[in-house]
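A lone chain, given as structure tokens: the form predicted on its own.
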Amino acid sequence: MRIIAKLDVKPPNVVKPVHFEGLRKIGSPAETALKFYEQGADEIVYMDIVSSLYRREILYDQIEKSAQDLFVPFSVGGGVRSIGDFVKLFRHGADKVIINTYAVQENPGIIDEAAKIFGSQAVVVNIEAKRARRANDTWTCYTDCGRIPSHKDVLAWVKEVEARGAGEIILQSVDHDGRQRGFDVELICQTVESVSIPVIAASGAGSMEHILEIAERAQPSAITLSSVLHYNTVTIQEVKNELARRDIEVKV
């Protein structure tokens, strides 16, 4: 199981939102990425959380600075709308490109096209899931920091993106994001059971117990951590050590 450090970026700072709102400044992307790489992160995820919302291009100089001292996979997303955007991100240091808004709201075919050109391993689909108000066992895909519904069912969408060639899914919960009260276990379990490609569980970790719960119950391919790392609740090595004690295979 991979342990991934996730950076939510509102340039020029890494920030920490709650429900994708109420941003608190953490530090510079380059310094924060290097800190978690040195702590033992298996991968780093860099999400520009406002580029789609503001309809602006991602800031490539920030990507390049953050990537230069990393020797683990570096996944980058934010405002990706074309194959040209994929190319630019790869040229500035990304190993994988994350796409959400454009694919779910406008053109899902970009997943097929990118997978054919760059390979499935380089195409990651981010999903912002929000539980439907009138149906406790269904979730809707949202975009733009959880503001705009797509009217697509999450479990149907994960199957579609897999069929289109995506190599990985990052699954975020709008309801649980930043609250540090635990993951949406039901959502993650159902998603993991619905697809064969790797699912990266995100949103909600506030303690070691939350991390162990999602690892044992849902068995995702990876877990992304943010708040618990930024606030020094746990370190990446402590997480890996505890998972290994539970006989969960990790890179120590």
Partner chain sequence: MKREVGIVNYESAGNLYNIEKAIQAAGASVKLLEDESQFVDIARIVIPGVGSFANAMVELRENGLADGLRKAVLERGVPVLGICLGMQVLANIGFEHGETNGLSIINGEVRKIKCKGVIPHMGFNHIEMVNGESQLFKGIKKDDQFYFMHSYELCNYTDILALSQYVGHQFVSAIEKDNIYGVQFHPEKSRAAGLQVFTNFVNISG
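Residue numbers count along the first chain shown, from 1. Quick caveat, the model's predicted, so the values are computed rather than measured.
Beyond what is shown, the protein has a form predicted in complex with the partner chain; the following relates to that form.
- Of 145, 122, 110, 155, the one that lies within 4.5 Å of the partner chain in the predicted bound form (heavy atoms): By the 4.5 Å criterion, the partner-contacting residue is 122.
- Of the residues 85, 160, 175, 95, which one places a heavy atom within 4.5 Å of the partner chain in the predicted bound form? Checked against the cut-off, the match is 95.
- Query: Just one stretch in 223 to 231, 208 to 216, 24 to 32, 192 to 200 has heavy atoms within 4.5 Å of the partner chain in the predicted bound form, so which one is it?
  - Reply: Looking at the other structure, the answer is 192 to 200.
- State yes or no: in the predicted bound form, is some non-hydrogen atom of residue 57 no more than 4.5 angstroms from a non-hydrogen atom of the partner chain? Taking the distances in the predicted bound form, the answer for residue 57 is no, it never comes within 4.5 Å of the partner chain.
- Query: Does residue 64 make contact with the partner chain in the predicted bound form, using a 4.5 Å heavy atom cut-off?
  - Reply: Result yes; residue 64 sits at the interface with the partner chain in the predicted bound form.
- Could you tell me if residue 50 has a non-hydrogen atom within 4.5 Å of the partner chain in the predicted bound form? Residue-level check for residue 50: no, no contact with the partner chain.
- Message: Test of understanding: in the predicted bound form, would residue 117 fall inside 4.5 Å of the partner chain by heavy atoms?
- Response: Yes - in the predicted bound form, heavy atoms of residue 117 and the partner chain come within 4.5 Å of each other.
- Query: Does anything in 28 to 43 come within 4.5 Å of the partner chain in the predicted bound form by heavy atoms, and if so which residues, in order?
  - Reply: Going through 28 to 43 in order - heavy atoms within 4.5 Å of the partner chain in the predicted bound form - the hits are 37, 40, 41, 42, 43.
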